[in-house]
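In structure tokens, one chain follows: the form predicted alone.
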């Protein structure tokens, strides 16, 4: 049963989430009740029932699983001549280690609906594509006009920086307004971090991305649309990081740390520096050369992430859990400043813990460290 679920990418949306995101969509877009709607992966039909409860009646659906419908139909065989005002639902998610869960264009080469009609030029060359990405691209081709919208539940990993660039570019070309919504509940019937994304066109919010996170209260922020390609737009972590940074006083660590690559000794088994002992390295010994000490910040781990120490690049051996930063020339022989930066990082672990709720294990990025502010 689980294998079938993984192959078909079935992660059904909880009813209370469906009601919330339909309401959210209607906050940003006014639609007549007789608009033409498509649910391209109907599943347990929670979206269809939620739309009907709102008075929408003109709804078509696709569902490939014959156990969930009397009329199974593959969305990728759905004729592109059929156009809709709204395409909404929860497309299947690719499970990265189940090859059958990916979209494979070879299955559809003989179809009257050619993959070349909806895939991008770079993706058409690939045999294996994440199925949720293909749903987005094909859904775009089914939109009726500039007033049409897509509202999809997506894995939050879709919005990780530098991922899915072709899909994001297609979204940016077609839509001027993007809303990304996340809350503190499980959106689907599995513990998978998800969001609800609205792709549409508006005048009021033209060229804007709206990030929303709810956990009893709503936090919202408008960003430039270009952020879709340049930032990691996971609402919970992005908005939390902004809130904490705005509460901090001082200068960003990018004013003190160098972005040059630091060469240091690294060995997973023979190291003397690890996440477990990094906090014991916050001082530079009096008999050591100050310029040899650089900053190491633990980049991953549930208990160690964000913890910092000063390591000697001539003597110390690290495992692979760290980001390592040199200091700018004016601070390279400043023992007091190096120790102060290390101390302040370790005294403000709330910042680093709060921005690690991404996907999978807790981790931070280099930019999270450069952005952190200190009052020197």
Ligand SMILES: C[S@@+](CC[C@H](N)C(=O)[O-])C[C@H]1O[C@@H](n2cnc3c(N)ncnc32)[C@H](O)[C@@H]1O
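Remember, it's a predicted structure, so these values are computed and weren't measured experimentally. Numbering follows the first chain given and starts at 1.
Not pictured, yet referred to below: the form predicted in complex with the named molecule.
- When the named molecule is considered in the predicted complex, only one residue from 264, 76, 84, 175 comes within 4.5 Å through any heavy atom, namely 76.
- In terms of contact with the named molecule in the predicted complex, the residue from 312, 319, 44, 346 that brings a heavy atom within 4.5 Å is 44.
- Contact with the named molecule, judged by heavy atoms within 4.5 Å in the predicted complex, is confined among 347-355, 304-312, 34-42, 330-338 to 34-42.
- Looking at residue 26, you'd find every heavy atom of it more than 4.5 angstroms from the named molecule in the predicted complex.
- Interface membership of residue 374, defined by any non-hydrogen atom within 4.5 Å of the named molecule in the predicted complex, is ruled out.
- Among residues of the shown chain, residue 363 is not one whose heavy atoms approach the named molecule to within 4.5 Å in the predicted complex.
- Looking at residue 324, you'd find every heavy atom of it more than 4.5 angstroms from the named molecule in the predicted complex.
- Shown without its partner, the chain has 12, 13 in segment 12-38 as residues with a non-hydrogen atom within 4.5 angstroms of the named molecule in the predicted complex.
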